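Just one chain follows, in the form predicted on its own, and it is written as structure tokens.
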């Protein structure tokens, strides 16, 4: 009994911190989601009205669509480029490998706000380097952060084809934010993949070479299967983080972009809470977003983990 009391005593500080700063705010927010509240002294219980209003709200589902665009734009490109860089940098005897590993990891430790300000300058319509480069090749300047047209629709406009709205793709403004997300995620993916590659025994590759396997076969039969736990981890982490994107949207498109085409879920939640003071509505939106992330994560763990090789 004494040992158990000592164990609880050691756990108590962490439990208090979690209870005060995590579990209590979470429970309080859940309670608020059933009310109508604007920070005044009066708080009205409205039951499931906030959730019903969200489910039938076109603006909410538009924000879900823009968030899905962001996730699908950032996730696969970050994983592919990160794996490619990890394969190039895994040889620790290569000259300058430490320098390159540091350079590729720098975006991860760069403030998202500072990075967003830098990208805003690069893609500025009049002063940006991107338009300067386009102009040097004789092209027309692009209104990067004020263009609401979907990038896929812009491609099909040349052929006179009108795509369904869902297939028109992210707006040009959201595409710039996606590029920023990719730039920030590549370094983390590279480092994690490097750790995974270093955990693969070289004897597997030596045995494959003896059997006559070339680099491509070794990559498909050895590297990819044994990196599957790493890939699953990055897939889950990047999905969760991408659903929570906010800072770059707020800095690069403060009003939610042209025609609200960069208003992802967390940005719209912030607007509802701190611009319109609809805290009950915003709390309900937060728990719907949490439910979506939870369902997607469980589906990833259930269906993708079947193909994960831990040996």
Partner chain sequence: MTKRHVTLAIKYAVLAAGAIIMLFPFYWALSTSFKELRDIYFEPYGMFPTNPTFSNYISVFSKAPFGRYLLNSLVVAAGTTFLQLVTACLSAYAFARMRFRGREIIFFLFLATMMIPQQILMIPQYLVVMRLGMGDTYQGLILPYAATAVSIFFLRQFFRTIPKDFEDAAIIDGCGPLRILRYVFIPLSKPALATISIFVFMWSWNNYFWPLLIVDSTEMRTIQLGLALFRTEGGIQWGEFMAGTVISTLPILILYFIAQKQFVKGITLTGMKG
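Residue numbers count along the first chain shown, from 1. Under this definition, the rigid core comprises the largest set of C-alpha atoms superposing within 1.5 Å between the forms. This is a predicted model, so every value here is computed, not measured.
From this point on, the text means the form predicted together with its partner chain, which you will not see here.
I'd like to know if residue 301 sits close to its partner chain in the predicted bound form, meaning any non-hydrogen atom pair within 4.5 angstroms. No - in the predicted bound form, heavy atoms of residue 301 and its partner chain never come within 4.5 Å of each other.
Classify residue 120 as contacting or not contacting its partner chain in the predicted bound form by the rule of any non-hydrogen atom within 4.5 angstroms, answering yes or no. Residue 120: contacts its partner chain in the predicted bound form.
Heavy atoms within 4.5 Å of its partner chain in the predicted bound form: does residue 67 have any? Although its partner chain is absent here, residue 67 would stay clear of it in the predicted bound form, with no heavy atoms inside 4.5 Å.
So in the predicted bound form, is its partner chain close enough to residue 112 to count as touching (4.5 Å, heavy atoms)? Result yes; residue 112 sits at the interface with its partner chain in the predicted bound form.
Among 170-178, 147-155, 187-195, 216-224, which stretch sits within 4.5 Å of its partner chain in the predicted bound form, heavy atoms only? Of the stretches listed, the one contacting the partner is 187-195.
Of these, 274, 45, 51, 61, which has a heavy atom no more than 4.5 Å from its partner chain in the predicted bound form? Contact residue from the list: 274.
Every residue of 34, 76 and 259 near its partner chain in the predicted bound form, heavy atom within 4.5 Å: Per the other structure, none of 34, 76 and 259 touch its partner chain.
Partner contacts for 19-41, taking its partner chain in the predicted bound form and a 4.5 Å heavy atom cut-off: Residues within 4.5 Å: 20, 21, 22, 23, 24, 25, 26, 28, 29, 32, 37, 39.
When the rigid core is used for the superposition, does residue 295 move between the shown form and the other one (threshold: C-alpha shift of 2 Å or more)? Shift of 2 Å or more: no.
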